[in-house]
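Let's start with one chain on its own, the form predicted on its own, as structure tokens.
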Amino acid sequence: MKTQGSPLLAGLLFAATSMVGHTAEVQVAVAANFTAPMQKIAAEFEKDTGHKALLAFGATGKFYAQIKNGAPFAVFLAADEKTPATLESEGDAVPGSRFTYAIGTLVLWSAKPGFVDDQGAVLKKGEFQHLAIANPKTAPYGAEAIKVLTRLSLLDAIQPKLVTGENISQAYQFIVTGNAELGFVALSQVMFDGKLSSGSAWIVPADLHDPIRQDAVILAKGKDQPAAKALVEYIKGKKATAIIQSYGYNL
């Protein structure tokens, strides 16, 4: 005597099999300043789509070199707009896939409450031993920090006190550990939902540096990866943009 399986069970098994067959992993290079929001976005992306984003964080300039040398990244979220545009022009990114996912904010921050005033006068007083920045040669936030000091006519005086991190995350760590009393970091590293997480800060006025437009692009290795396209579309969606804004970025 034969028994027939439940149509409902068969349907569920088919759906589960289909989902496994169509989900994939996508390797993503992410600018260090975007670490916290991207970790949240990746978790929601996996929950909502089944795709898994494998994240690597670092300096934009270093990622550029790695991509040119064949790194297996499918999507690149840079800390500037120039690098993705360059990759696109050089044939290393999918034409037309580039877009601005966030506009960053530069902040002078100290882990010590009251150390940094809300006008940035602490820079002119110079009563500190070390000021941390990201490497201006490879990290856009570091390059913009140098522009701020230059426009304030303080670069020559502060240059001997600069402590340079490989990327913005390392610059932040220098401040947290006390190796530098203060430094220039991304607002997203020290603020969430409009509140300063700790210490004291001065949000640098936009006229003291160039806009930090952060562009994303699908790389050549991601051209035929549905998960890469899905991630880019997800970053443009309401859930991801809400997360981005909660960390102090503009859109």
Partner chain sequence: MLSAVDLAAIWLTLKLATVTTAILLIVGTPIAWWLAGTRSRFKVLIGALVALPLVLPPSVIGFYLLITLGPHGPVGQLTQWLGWGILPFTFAGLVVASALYSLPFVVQPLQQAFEAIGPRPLEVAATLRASPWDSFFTVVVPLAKPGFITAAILGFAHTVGEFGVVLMIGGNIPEKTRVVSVQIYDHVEALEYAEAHTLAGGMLLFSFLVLLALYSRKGRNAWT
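Residue numbers count along the first chain shown, from 1. Source: prediction; values computed, not measured.
This protein has a second form, the form predicted in complex with the partner chain, left out of what is shown; the following refers to that one.
Participant: Is E166 close enough to touch the partner chain in the model of the complex, meaning at least one heavy atom pair within 4.5 Å?
Facilitator: Because a heavy atom of E166 falls inside 4.5 Å of the partner chain in the model of the complex, the answer is yes.
Participant: Taking heavy atoms and a 4.5 Å cut-off, does T105 contact the partner chain in the model of the complex?
Facilitator: No, T105 sits far enough from the partner chain in the model of the complex that none of its heavy atoms falls within 4.5 Å.
Participant: Is there any non-hydrogen atom of T150 lying within 4.5 Å of the partner chain in the model of the complex?
Facilitator: Judged by the heavy-atom cut-off of 4.5 Å, T150 is well away from the partner chain in the model of the complex.
Participant: F174 near the partner chain in the model of the complex, any heavy atom under 4.5 Å?
Facilitator: Heavy-atom contact with the partner chain at 4.5 Å: present for F174.
Participant: Counting non-hydrogen atoms within 4.5 angstroms of the partner chain in the model of the complex, say which of W202, Y64, F45, F57 makes the cut.
Facilitator: So the residue touching the partner chain in the model of the complex, by this definition, is Y64.
Participant: Check each of G178, G96, G91, G114 and return the one that places a heavy atom within 4.5 angstroms of the partner chain in the model of the complex.
Facilitator: After the contact test, the surviving option is G178.
Participant: If contact means a heavy atom within 4.5 Å, which one of 219-227, 187-195, 26-34, 65-73 is the stretch that engages the partner chain in the model of the complex?
Facilitator: After filtering at 4.5 Å, what remains is 65-73.
Participant: Enumerate the residues of 115-137 that have a non-hydrogen atom within 4.5 Å of the partner chain in the model of the complex, in sequence order, or give none.
Facilitator: H130, N135, K137 sit within 4.5 Å of the partner.
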